[in-house]
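Below you will find one chain, with nothing else, as structure tokens; this is the form predicted on its own, and questions on how it binds or moves follow later.
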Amino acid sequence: MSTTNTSKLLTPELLSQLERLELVTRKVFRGRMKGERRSKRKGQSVEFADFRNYVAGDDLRLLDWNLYARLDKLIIKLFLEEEDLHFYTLIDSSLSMDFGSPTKLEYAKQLAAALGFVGLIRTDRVRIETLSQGVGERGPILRGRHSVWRMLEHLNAIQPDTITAEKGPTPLAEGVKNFCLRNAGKGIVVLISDLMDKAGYEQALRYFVSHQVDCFVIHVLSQEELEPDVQGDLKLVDCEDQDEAEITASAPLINRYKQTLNAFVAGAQEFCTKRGMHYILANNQMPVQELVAQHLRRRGLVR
């Protein structure tokens, strides 16, 4: 793999910051393998958590015989159980994401690499997929620091979707539905998308609610979309369905556009908040390390 491509996704400065972080979930999920994560559930490990009275059926090996000798009571020692975590990143690779400098897709891939790296060094199970994948097209399950290079190769292979006469753009709702059908494991899901779909984003996000995952929606927009610098007569062409519109970019039109955009962002944030999902708006000009260390830490995805 090209060292240049690798350095674009994970710079040395970003890596030094990520080494100190770990992923966090507000929900308790039962992992399949033992990991390094301290669970809220009680189980067996070397780290003491609490005591409770013995009840029939408890493992006798967990009895505290010293307390029994002092109190004449059967007391069970509880320990923090260590478990791994499912961490999924779902990237929108539609043609609308191939816009900006860097493109929104390039920004999404760097963010996915950063969060995936944090998960891998903490031995969480990491899976990175795109919205265009079918029900049976699962991404590789990655685990452990040795999988970092494999993750970067997988991310570098992600390209903007190709639209043909036989296959049009993948609707946002269909992409999320297919993801939920492919992945039954509970855990953290980070959707990185511009949420641009003529059918809306609401149905897509409802699938995450019914899937009972800890969901973070990273809404990526380019600087050109947030602060358009255009003027005069223009013909706008939709990159996905080739719809055309002729406009005259005037100050009143730009103001109306910004009002519409602000309403769109506010609506998405309110929709997510009401359903227990985290919403974060990201400008493609914001350094990924700032997004992770400040905004995502404040929202509780990392610590």
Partner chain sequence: MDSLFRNTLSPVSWILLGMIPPAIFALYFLKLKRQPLEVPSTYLWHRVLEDLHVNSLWQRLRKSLLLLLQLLMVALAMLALLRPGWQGQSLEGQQFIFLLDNSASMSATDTQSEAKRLDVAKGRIAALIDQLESDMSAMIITFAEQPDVVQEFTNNKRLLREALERIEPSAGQTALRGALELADGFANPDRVMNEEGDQSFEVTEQQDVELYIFSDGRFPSIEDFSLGNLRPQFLPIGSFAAQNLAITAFNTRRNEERPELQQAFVQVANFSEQEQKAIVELTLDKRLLDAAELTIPPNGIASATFNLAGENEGALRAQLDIPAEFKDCLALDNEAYAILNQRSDGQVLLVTPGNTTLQAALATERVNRLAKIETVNPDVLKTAEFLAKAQTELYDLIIYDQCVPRMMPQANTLFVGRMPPLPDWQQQARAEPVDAPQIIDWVRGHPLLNLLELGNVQIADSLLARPPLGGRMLIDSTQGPLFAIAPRDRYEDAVLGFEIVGTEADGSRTFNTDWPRKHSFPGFWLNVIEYFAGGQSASLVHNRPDRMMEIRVDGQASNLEVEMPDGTRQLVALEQPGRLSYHETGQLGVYQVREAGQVKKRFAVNLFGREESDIRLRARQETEKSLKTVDSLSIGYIDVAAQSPTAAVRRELWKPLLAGALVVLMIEWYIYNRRVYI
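Residue numbers count along the first chain shown, from 1. This is a predicted model, so every value here is computed, not measured.
From this point on, the text means the form predicted together with its partner chain, which you will not see here.
K.L.:
Does any part of residue 249 reach within 4.5 Å of its partner chain in the predicted bound form? Heavy atoms only, please.
P.N.:
Yes - in the predicted bound form, heavy atoms of residue 249 and its partner chain come within 4.5 Å of each other.
K.L.:
Taking 4.5 angstroms as the cut-off for heavy atoms, does residue 136 touch its partner chain in the predicted bound form?
P.N.:
Residue 136: no contact with its partner chain in the predicted bound form.
K.L.:
Please determine whether residue 207 contacts its partner chain in the predicted bound form, using a 4.5 Å cut-off between heavy atoms.
P.N.:
Although its partner chain is absent here, residue 207 would stay clear of it in the predicted bound form, with no heavy atoms inside 4.5 Å.
K.L.:
Consider residue 74 of the chain shown here, and say whether it contacts its partner chain in the predicted bound form, taking contact as heavy atoms within 4.5 Å.
P.N.:
Result no; residue 74 lies far from its partner chain in the predicted bound form.
K.L.:
Using a 4.5 Å heavy atom cut-off, which stretch among 138-146, 173-181, 110-118, 93-101 contacts its partner chain in the predicted bound form?
P.N.:
Of the stretches listed, the one contacting the partner is 93-101.
K.L.:
Is every one of 198, 234 and 245 in contact with its partner chain in the predicted bound form, taking contact as a heavy atom within 4.5 Å?
P.N.:
Spot residues vs its partner chain: full contact, yes.
K.L.:
Going through 255-284, which residues have a heavy atom within 4.5 Å of its partner chain in the predicted bound form? Please give them in sequence order.
P.N.:
In sequence order, 256, 257, 260, 261, 264 come within 4.5 Å of the partner.
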